[in-house]
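One chain follows as structure tokens, the form predicted alone.
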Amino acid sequence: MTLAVEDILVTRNPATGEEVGRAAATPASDVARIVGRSRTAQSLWESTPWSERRAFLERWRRILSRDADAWAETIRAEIGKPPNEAAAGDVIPTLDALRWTVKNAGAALADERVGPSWQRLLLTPVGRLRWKPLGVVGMIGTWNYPLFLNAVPIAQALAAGCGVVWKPSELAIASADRLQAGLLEAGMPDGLVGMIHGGGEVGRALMEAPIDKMVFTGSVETGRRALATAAANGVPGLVELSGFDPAIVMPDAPLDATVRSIVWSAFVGCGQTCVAVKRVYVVGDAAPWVHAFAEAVRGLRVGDPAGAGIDVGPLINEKALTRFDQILRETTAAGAEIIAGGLRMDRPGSYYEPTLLKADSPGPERALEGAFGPVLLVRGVADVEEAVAAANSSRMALAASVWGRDRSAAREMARRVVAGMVCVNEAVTPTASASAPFGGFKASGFGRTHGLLGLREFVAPQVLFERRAGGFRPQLFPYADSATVDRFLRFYRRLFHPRA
């Protein structure tokens, strides 16, 4: 959690209250200057051969790998995750993503020949497609995966030849300082990646600065404000916003294995994961599933992740806990029944009981949308049509999953679900794929991170056409004999565009 006193930001361990990180807030008036420094460095970085950019990124990856255990400890202390969860969900996926970028960015951004094909008859020249860096990327970072969700877009922007100025979350100062220190140790050119600290005023100053692309990860409401600010300046945006992810359980799904998987997918990161499963639609009789989910949820071990055998840590801070509790109260008022949990825990730290809700109508789901914490809602549906309709009913569409033994049927069901990522008998972990693009539909965001499509978010296509000086060009004034041109055009149309 974070306290701001006289422009000093302090992060504290959400389990113990001990100070973890401290930083002075950047004056909003300094942000444009920091963007200018990044632009100066970027103009040289863009012309740096890929081999040198690649070597820098590889040095950074090796530094992150060397410090992997320290990173897991920092994330445990600042965010409240068990160390193994921090390593598996944050550190390792980041190393994999950087490895993919180092291995593939050179080929992905290489020039490509654009042949004229049949248009050769029109004397259309051969083109060369180039990928031009956009310039300076302004990035608003997030706290729940403070390495993975911040380092990967920074790495891909740098690979593409861009500079970056980023504002880490006020809830992850120690993690941000460690990330920036790794870049400096790797030999980052002076000013190429600028880091600024602060709250909303500093974030707005970054969005209003002369940046060339905006990257934002966070809530729908804040993301839309950032998009509006960037759009007013003609700046494109890449935004990964909230999820409210559904899981459809088919009648043939194995109960024990499915329950275990979904419970982990719901409560990993104390439910503070954008792709956490939040709602389950059981096709058929939901009663045995509700019973099995309740047993599993009650068995989760909650506590300070510094201790052994902890499954679920605290929420990030008291404010988040209070907001989460309020949403649960509204959800039960809308008709949800609390089957397990449902209370904040009477102990120091921002702990909340892992909560299982049961609903008999869509009303509670609408109330629960936006909850960022340890909760799972289960509702029985009559058939697959109702399941698909329910899954697609949310304004959010980040990820979804379908569970069943008949993988062909589950796969067909998955095709009908509207979401940026849909899994069969899996959830959450595929977001770690280094090569697959990640992002949402509808209110869950625009653009993609990771892999080829993520890399190309930071470049613009430029096509170069050329011909020899003085080459034959019959289209120039004065026009050639009109009868000859007319005969040629009729021939061309008959050859390539015949009438139906």
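Residue positions are given as counts along the sequence shown, with the first one as 1. All figures in this text were calculated on a predicted structure; none of them were measured in a lab.
Quick note: we don't show the form predicted in complex with ligand NAD, though the next part is all about it.
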| query | finding |
| --- | --- |
| 4.5 Å heavy atom contact, F372 and ligand NAD in the model of the complex | yes |
| Partner proximity in the model of the complex: P168 to ligand NAD, non-hydrogen atom cutoff 4.5 Å | yes |
| Contact flag, S219 vs ligand NAD in the model of the complex, heavy atom cut 4.5 Å | yes |
| Heavy atom of S394 within 4.5 Å of ligand NAD in the model of the complex | no |
| Options 203-211, 78-86, 183-191, 374-382; stretch whose heavy atom lies within 4.5 Å of ligand NAD in the model of the complex | 203-211 |
| Residue (of T101, T331, N144, S175) lying close to ligand NAD in the model of the complex, criterion heavy atoms within 4.5 Å | N144 |
| One residue of T74, T94, S242, T355 in contact with ligand NAD, assessed in the model of the complex (non-hydrogen atom, 4.5 angstroms) | S242 |
| Heavy atom within 4.5 Å of ligand NAD in the model of the complex - qualifying residues of 396-412 | L398 |
